[in-house]
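Quick setup: one chain, the form predicted alone, written in structure tokens, and binding and motion questions come after.
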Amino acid sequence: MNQPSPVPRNFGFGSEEEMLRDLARQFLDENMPVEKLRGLAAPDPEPIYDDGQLPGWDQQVWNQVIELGWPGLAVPEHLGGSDFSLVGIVGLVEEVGRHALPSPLISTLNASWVLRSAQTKEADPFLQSLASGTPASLAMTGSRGGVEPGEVDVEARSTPAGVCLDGVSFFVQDASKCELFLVFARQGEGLKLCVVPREAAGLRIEQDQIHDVTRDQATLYFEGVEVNSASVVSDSGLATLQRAWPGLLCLVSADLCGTSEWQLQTTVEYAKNRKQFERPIGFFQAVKHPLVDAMIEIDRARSLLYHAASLVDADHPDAELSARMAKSAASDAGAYISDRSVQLHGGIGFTWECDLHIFFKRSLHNQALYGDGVHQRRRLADFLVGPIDR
């Protein structure tokens, strides 16, 4: 058995990782200030919630993101990517969350992480495509959000040319922006991983109505979708997903930490400037104590996140355990600061005109994505004390 690589000091967050994070912060400060974000994602509630209009996003900013090479960060160098450390990638994704960037970047990073975890030659052309900027998303969950073979609602049957897919995949992120879908399909007792283009015959995409105004989500219906053998990238989909799972949890947790940090800093600034009884409201313990508690919760989640990412980079056997701890902490921190930030903004915090709701809703979506804090702690209990009857 191969020994895991030693975990470096400071989580392996060195000068290159710091440079990437700082570049991301500068780029997003310039290209996605909150005023622009509000104009794109939340100019008016009626088109989004009453008419089902998709949230807006900036294609030009996405083109610049491609030029910066961010979609290929997780792709090996020989396939056109950067093969960057996960610690560095989560540093960038934190900034993406801090700016609530509407884009298919995180879904594409998730897809590339799964493809590289397949460890097959069939995955290489698709990794090259993602590195060049083709947006992609994961179609891997059943109606209850499960990804075990018995919970996936897409079935694959063998054909002379490859496989044929029938069924439904739920909770597909940023589907309207993506050109490729990585589909997990049940065949017998196992899972296959297939790549399906959005224009495939027999594929129907139905947009979901969700609260998050910075992304979209869809349900994919497969009705006799033919997939050739070159697009079946793995016959061991469950093993692929198990290898990819820690990285996926880290990426979502990083986005959560970023949105939480924005809410904390914005609320602190408001508490400094908003006066009541001739004093800034931050003077009062009922305001400053919850903000300190939020800071502690966010820093705790961030520490667990970077520790988990460093274990993934080191191929450590405890990577999944640590990633679930990070997702649990990040979900709880996001829930706490979202609640406190709205309350401490007083009456204005509940209005559409206040920017808080954009980050609140993105955080709420991320808290549930791939399992909230309660779910992660339940799985942690399974790891540590063994499954129990429920």
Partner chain sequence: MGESGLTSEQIAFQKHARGWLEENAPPPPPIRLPLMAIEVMHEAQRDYLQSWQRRCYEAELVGTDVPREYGGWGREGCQRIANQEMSRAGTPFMINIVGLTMAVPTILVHGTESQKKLLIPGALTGEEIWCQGFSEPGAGSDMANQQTSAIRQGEDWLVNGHKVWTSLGHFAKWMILITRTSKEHKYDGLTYFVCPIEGHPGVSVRPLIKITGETGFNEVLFEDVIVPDSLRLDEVGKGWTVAMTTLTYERGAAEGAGGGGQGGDPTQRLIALARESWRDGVRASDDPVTRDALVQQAIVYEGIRMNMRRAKVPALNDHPMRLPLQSKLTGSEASQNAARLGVEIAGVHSTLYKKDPKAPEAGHWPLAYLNSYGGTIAAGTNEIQRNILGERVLGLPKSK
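Numbering follows the first chain given and starts at 1. All of these numbers come straight from a predicted model, not from anything done at the bench.
Omitted from view is the form predicted together with its partner chain, to which the following refers.
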### Query
in the model of the complex, which of the listed residues (282, 162, 167, 142) lies with a heavy atom within 4.5 Å of its partner chain?
282
### Task
Could you tell me which one of 158, 228, 209, 303 places a heavy atom within 4.5 Å of its partner chain in the model of the complex?
303
### Summary
The stretch from 321 to 329, 32 to 40, 359 to 367, 61 to 69 that lies within 4.5 Å of its partner chain in the model of the complex, judged by heavy atoms, is 321 to 329
### Message
Since only the chain is shown here, I'm wondering whether residue 271 would be in contact with its partner chain in the model of the complex (any heavy atom pair within 4.5 Å).
### Response
yes
### Query
Taking 4.5 angstroms as the cut-off for heavy atoms, does residue 98 touch its partner chain in the model of the complex?
yes
### Query
Does any heavy atom of residue 186 come within 4.5 Å of a heavy atom of its partner chain in the model of the complex?
no
### Task
Indicate whether residue 381 is a 4.5 Å heavy atom neighbour of its partner chain in the model of the complex.
yes
### Query
If you check in the model of the complex, do 23, 245 and 339 all have a non-hydrogen atom within 4.5 Å of its partner chain?
no
### Query
Does anything in 282 to 304 come within 4.5 Å of its partner chain in the model of the complex by heavy atoms, and if so which residues, in order?
282, 283, 285, 288, 289, 291, 292, 293, 295, 296, 298, 299, 300, 302, 303, 304
